[in-house]
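Next up: just one chain, as structure tokens, the form predicted alone.
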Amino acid sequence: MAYHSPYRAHPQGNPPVDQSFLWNIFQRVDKDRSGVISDSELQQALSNGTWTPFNPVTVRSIIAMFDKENKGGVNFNEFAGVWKYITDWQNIFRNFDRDNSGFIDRNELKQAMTGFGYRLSDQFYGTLIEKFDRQRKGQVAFDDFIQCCIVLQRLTDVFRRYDTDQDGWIQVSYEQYLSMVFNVV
């Protein structure tokens, strides 16, 4: 089984962003002028294209990835990484949103996950849509697509730690299983 880390990949090769452009954005997002962008400030600044607030769980996950000092937010240098990360995800999302609906439907999700190296059953794609479709439309918005990919990658990473012979099967106790899941959620 091939595993690929979609949220670490940068397939589009975006050109570097002008630092002054990024600084202007950083200052607009840093509403309290603390020099650190909090999850609530970042959530207000992000758009998922559906006129609904960006998923707060996704925002916290992104902040946690880039907050090197565990300060509950990102400074300017870390924000540059957040900006690139979100831009890369926008490009990935647009690539798989074949009908340009602004959502990823079940077939588009299957194409994306297959492209990332996952081999999942058709039934499981239904489970993913059910879990990550906050708007209950049978499809996944941009922010929820990011969260779906983050959760899948984290669960895969934990699974791989126990799948020492790389055969796609593990044997764990109930407490080991709970520890695995609670380390992800």
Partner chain sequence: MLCHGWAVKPQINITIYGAVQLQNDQKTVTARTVPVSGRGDGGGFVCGSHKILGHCFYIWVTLRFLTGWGNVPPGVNPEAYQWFQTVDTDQSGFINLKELKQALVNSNWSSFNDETCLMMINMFDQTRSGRIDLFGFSALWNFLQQWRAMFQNCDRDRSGCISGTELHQALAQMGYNLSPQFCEMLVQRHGVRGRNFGIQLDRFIQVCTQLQSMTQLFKERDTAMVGNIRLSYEDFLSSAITRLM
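Here the structure is a predicted model, which means the values were calculated and not measured. Positions refer to the first chain, counted from 1.
Only in words, not in the display: the form predicted together with the partner chain, which the text now covers.
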| query | Among Ile150, Val36, Leu46, Val158, which has at least one heavy atom within 4.5 Å of the partner chain in the model of the complex? | reply | Val158
| message | If we define contact as a non-hydrogen atom of the residue within 4.5 angstroms of the partner, is Ser20 a contact of the partner chain in the model of the complex? | response | no
| request: Determine whether any heavy atom of Gln166 comes within 4.5 Å of a heavy atom of the partner chain in the model of the complex, and answer yes or no. | output: no
| Interface membership of Arg136, the partner chain in the model of the complex, 4.5 Å heavy atom rule | yes
| query | How about Leu42: is it within 4.5 Å of the partner chain in the model of the complex, going by heavy atoms? | reply | no
| Thinking of Arg28, Gly73 and Ile146 as the candidate spot, does the partner chain come within 4.5 Å of a heavy atom on all of them in the model of the complex? | no
| Neighbours of the partner chain in the model of the complex among 154-181 [non-hydrogen atom within 4.5 angstroms] | Leu155, Thr156, Val158, Phe159, Gly168, Trp169, Ile170, Gln171, Val172, Ser173, Tyr174, Glu175, Tyr177, Leu178, Ser179, Met180, Val181
